[in-house]
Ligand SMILES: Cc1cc2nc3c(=O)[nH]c(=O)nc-3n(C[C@H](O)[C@H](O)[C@H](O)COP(=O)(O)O)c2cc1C
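The chain below stands alone and is given as structure tokens, in the form predicted alone.
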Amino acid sequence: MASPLERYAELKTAADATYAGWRTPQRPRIDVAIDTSSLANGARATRDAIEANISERNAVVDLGRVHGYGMQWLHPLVTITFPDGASVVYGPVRAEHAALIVDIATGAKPATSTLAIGTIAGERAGIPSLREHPFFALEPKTGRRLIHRLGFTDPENLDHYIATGGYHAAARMLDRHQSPAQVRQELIDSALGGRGGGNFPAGTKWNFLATAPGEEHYVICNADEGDPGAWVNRVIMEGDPHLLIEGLIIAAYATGSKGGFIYIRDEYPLAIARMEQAVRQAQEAGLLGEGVFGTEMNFELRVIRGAGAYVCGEETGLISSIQDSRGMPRVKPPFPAGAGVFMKPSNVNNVETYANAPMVIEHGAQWYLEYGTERMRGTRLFSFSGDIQRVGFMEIPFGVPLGGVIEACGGMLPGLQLKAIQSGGPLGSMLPAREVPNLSMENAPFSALDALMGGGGIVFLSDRICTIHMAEMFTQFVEEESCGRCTTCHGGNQRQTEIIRRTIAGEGRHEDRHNLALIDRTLQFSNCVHGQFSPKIVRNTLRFFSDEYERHSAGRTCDALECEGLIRFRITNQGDPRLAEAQDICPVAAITGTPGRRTLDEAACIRCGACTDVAPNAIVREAKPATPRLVALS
């Protein structure tokens, strides 16, 4: 019987031939980046237009797909790979650029188009390496680690993964190279921490499951990535799905698990589709199911479509949802390692944690320790968005200064100043720009400010943003997403939302700050972290943006002109021809009258801003005149 490494060698021989033909094609190939971000920016229309152009001209060009390289602000991205193996990335490539892209691929026009961004393989005169782009200045100089396949493989092709070294770590492990205990120790030695935000040592967590009683153990991947501005888990599932599967195989072997689940949020349809396809491919290749790599190891893996609830991101809420129960976090203990899915011992880690395991097993703990800080080792994915010039994701070592990140992202949009950063999602934090020099990309500096770095998403907010309005958005969200198990969380967040809403409506009270602090203390007695962390953003707002809060509550003014109860809209130019269009689109018919004599009913206006979007030179958004406060006489 062939050993796991012998079986792997057979797979790799065939995969190498397939991949070599893809990397150095006989004729040019145009690869359109197909991922959620690119699709949102029109990649489907771009691909259809290129395909139609190739067909109409009967051009000798192939059409393929890759995952985006991280430069989301330039989507849709297209990569042209020439027969000599040189690959050039272009963007943003719209449908109207289809003929130009086909001309470049066929050699009818030079590769040095104005759309050219850089080369990712080989050379082309006049085109720099993509790695020289300032956006990637903070990434490891030796190259990416976790996402090194992105842009260089078709994420839906198993052969591409195997040809680039995929599944070798699992095959060597199963070839009696390492025992389950040795695998867990390797992870402990690497200091690989949970990438969901807590940084709890993955190897130690796996030890809990391995030593749990019984033989029915499960490994669970938490891919319910729900924080705004965070899409790093999605990148791995859409761009390198087999990496996650290999990580789960390693975890299953190390913990004695025969079953596993990948719980993916419902809002990630492409990630779900690619993970399901990858699972089928792995099963057909003998990498999953009965006799993994021809060994006695059995491991069944299922993809579970999420229930659409934010609270399912909490591990026990996720477990409840997998069981087709209502997604409500359980009271701990028992912890999942003792009683998880179906009340059997289980381990829950997020996507990036499992995805790092193959690298650790393949290269060893010392290799993994080359990057990072004493507290947090290795590299991690971060997604950066908001009012910055370059929105995207990058893989950087822990400890990189946040100020350097802003520089790599091109700074703020023209005319805007950084006001705050939001990290960790609705349960995370909001910190002022003045704290940026004190922050680096690891947990400790954030924790010192009673904040969270979170799961990898940082949103940069400019001075056009009102922090009180932002706080209201998050308090509303955590109230709505409370599972309702404990009155402390559900009722407390209702009261918190009411106070913030009243403040932005211009009805703030003197006692509100005291009451918010009281609600904060009470919420700490909630059953799970959803309730316990839910007041953190309001707490940050009262601490770091106190003056702005007081201007809303006492002064009743909103500097950013965002809070509905503190602003009004007023017609200033009756002669603007677009005023008629603004009148037509007003959802509540607040604008009435005839040309030259139109009026805006302030009482009917809902402050949606549609009219100023259409006719900015005719209608202004301005501060509402302050209403004198009544003072009670003693």
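In this text, residue numbers run from 1 along the sequence as written. Every value quoted in this text rests on a predicted model; they were computed, and no experiment measured them.
What follows is about the form predicted in complex with the named molecule, which we do not show.
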The named molecule contact at residue 529 in the predicted bound form, heavy atom, 4.5 Å: yes
Should residue 313 be classed as touching the named molecule in the predicted bound form when contacts are defined as heavy atoms within 4.5 Å? yes
Taking the named molecule as it sits in the predicted bound form, is residue 224 near enough to touch it, meaning that at least one heavy atom pair lies within 4.5 angstroms? yes
Does the named molecule get within 4.5 angstroms of any non-hydrogen atom of residue 350 in the predicted bound form? yes
Among 184, 195, 274, 242, which has any heavy atom within 4.5 Å of the named molecule in the predicted bound form? 195
Which residue among 319, 427, 279, 430 has a heavy atom within 4.5 angstroms of the named molecule in the predicted bound form? 427
Mind telling me which stretch in 252-260, 149-157, 537-545, 187-195 gets its heavy atoms within 4.5 Å of the named molecule in the predicted bound form? 187-195
Enumerate the residues of 384-419 that have a non-hydrogen atom within 4.5 Å of the named molecule in the predicted bound form, in sequence order, or give none. none
